[in-house]
Structures are given as C-alpha cells and as structure tokens.
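Just the one chain here, the form predicted alone, laid out as structure tokens.
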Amino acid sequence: MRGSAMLFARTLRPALFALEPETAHRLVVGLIRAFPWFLPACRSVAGPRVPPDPALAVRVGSLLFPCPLGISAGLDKNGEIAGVLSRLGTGFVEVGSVCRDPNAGHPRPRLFRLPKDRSLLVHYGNPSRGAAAVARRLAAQRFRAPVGVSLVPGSGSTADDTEGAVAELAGAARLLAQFADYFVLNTSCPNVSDVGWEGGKAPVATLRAWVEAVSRESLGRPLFLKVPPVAEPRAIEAILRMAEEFPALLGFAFNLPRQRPAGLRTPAAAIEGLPGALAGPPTAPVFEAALAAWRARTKGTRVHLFGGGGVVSAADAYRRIRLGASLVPVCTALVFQGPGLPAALNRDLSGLLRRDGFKSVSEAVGVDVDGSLSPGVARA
C-alpha cells in the first residue's frame, strides 16, 4: 500500500466511515472548499506530482484528455470542488448530475455503505442546486483537465413528459455551456422513473429529442449519452442509427444497473429493504458485457465509449480499455481508496501498456473484442 493510500486507510477513512455516509460526503466537500490544498496534499504523500505519461493521452473528437482515467458524476454533484479534483492526476472530471432548477432528490437516508463489497447503495434521486448555481461555481475555478457536466431533467424525467424534460435540459445547457468542455445527458438514472428503457428497449424518439435540445444550446460542445448497461444488439443498433444524425454526439457512457448482482459479501439481511442501485466492484461483469457488446458495433466509427463501473485498479481500467473504452471514470473507488487513487492508476496503467508493447492507449482500445462494423455507422 503506497503512502497516500496508507494515510487514508489508517486515519481519514475510519473517521469518515464513523459518520453517516451522506454526512461524511458533505463534510469532505465542505473541507475541500474551505481548504483546497487538502486533497492535493494528501495525494502528495505518495511523492511529487508527476504529469501523466504522454502515452496515456486520449483524443476524442476535439477534446484532448491527458489520460483516460477520470472522475465520474456523483462525487461533485454541484460543481463545488471540480477544480481541486482536476489536480489529482485525473484525465477529466464530471460534475452533476445537474438539473436546470433546484431539485431536492429523494429523502434521506439515500446513501449506504457496503464495506465488505467496497460498494455503495445510491438512492439520491438527482438532488441539485440548479444549473445557475453550478455555473457560478465553475466560473470561479481553474481546471487542469477537461470538465464534463452531466445533465438530467428534474421534474421532467419520465417517459410521459418528454416536452418538460426537453425544456429543462435545454435551459440547463444554456446556462452551463460556456463552462463545460462536454456534456453528458443522463438518460437512465436507476433511482427515478426512466424514459422507456424497460425490457432493454431503446427510447430512440426521446433520446433524439434530448440530443436536439441540448445541441441547440451547447455552443457546439461535444455530447455523450449515459445509457443503461444494455447489451441487446437491436437496442444498441437503434441508438447508433439515431446517433448518426448528430455529429456532436461522440459516444456513450453506462449508468448503474437497476438490478443488484448476486453473490454479495454483505449479508442479505443487512441490506434487505434498503433502496438504491449498487455501485462498486460486484457490478463489473455487467459493465464489461455491455462494453464489449457496444464495442463490437462501434469499432472503426467515430463513437467512443466510457468504461466505468466497478473499477478499483489499473488492471480493471486496462481490461475496460481492451474491451473498447477510450475513457475510464471512477467514483466509488475513491470513497474506499482515497485521493491518491487516480495518480496510482495512471502509474500502473503506463506499466501495463509498456508490458504489452502498446505505444499509446489508443492502440489498446478494443483489442480484445472481435467486432464488425454496424451497417451505416459513420467512420472516424
């Protein structure tokens, strides 16, 4: 265990884990806002900050990411500490999910730890201070990596209110466009009513309306869709055909699955009746299956994939890259491993690439997937 990880495991984590999870989260965010040097100082216990290996750089459309490993939406819901998070050796930081208007989310408690599984049960329901508040916070910060903003409708998040959702997303994009390097449209939050994904179906008409709305207000920023980790070929191909209509739509990320995996180490009685979707290592097989299915239908196209979900090590991240991920977000692992994690993953990922003879991350993307081009999908 390296220095910063040991410091976190022996001192900070026990103190934080003695608190209710959301209270601990809010305390950490408040401390970082008050003392922005705190997280970088913790990370520096492992040694001086070293820029990411140039071989880790990833280009996605017009965006250049210093490395593929970043922080997904959920940790910094309201854009309060994104600037600090970008100083931890991350390739990108995502803020949100952000609603146009303030949104309370679900009542507390809505976050639960499963230490034996290094996992969380997440039942937030998209709480947000609103796009205007997030815009003010982002305007006051500086960043060392691209910043993505995840957008989600608040009250207009159901399949029977597409018009309301479109208005909310367009309004949020209008307020945040000048502060975001890219947008992620969260189409499948597992803790609120979805937009028609039941049975693995793809709500293509709804997705098209959402993308059209944000494209008009996003100042040309690249867009990504966050979808459930579906692996059904027909659903994937329907979404890809829709994506051809929008040059700004560069790829896809996967949200938490609604179903909890079997075989958890946490006793069933301890979580029986608790709400929320599981985030953590036990979900990895679901995400890897979805990633491979999408890669098989997007190889050779302009579509890029995020490969997060249960990543806790460089070996996990490398496996996602070989399955087709250009970018690998982490979130839950930071709760259990601390702020030194991104830099440690970068260092170890560089070694794995060199071991296998790859000169860059891009050379390794998708090498373990035997896929074929889907008919009609645009090439890069």
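Note that residue numbering begins at 1 and tracks the sequence as displayed. This is a predicted model, so every value here is computed, not measured.
Absent from the display: the form predicted together with a small molecule. The rest refers to it.
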The small molecule in the predicted bound form: contacted by all of 73, 96 and 309, heavy atom 4.5 Å: yes
field: Candidate from 56, 344, 323, 331 lying within 4.5 Å of the small molecule in the predicted bound form - any heavy atom
entry: 331
- prompt: Which one of 229, 280, 251, 89 is close to the small molecule in the predicted bound form, taking close to mean a heavy atom within 4.5 Å?
  reply: 280
query: Want to guess which of 78-86, 173-181, 96-104, 140-148 is within 4.5 Å of the small molecule in the predicted bound form, heavy atoms only?
result: 96-104
- prompt: residue 122 near the small molecule in the predicted bound form, any heavy atom under 4.5 Å?
  reply: yes
Heavy atom of residue 218 within 4.5 Å of the small molecule in the predicted bound form: no
field: Partner proximity in the predicted bound form: residue 255 to the small molecule, non-hydrogen atom cutoff 4.5 Å
entry: yes
message: in the predicted bound form, does residue 126 come within 4.5 Å of the small molecule, counting heavy atoms only?
response: yes
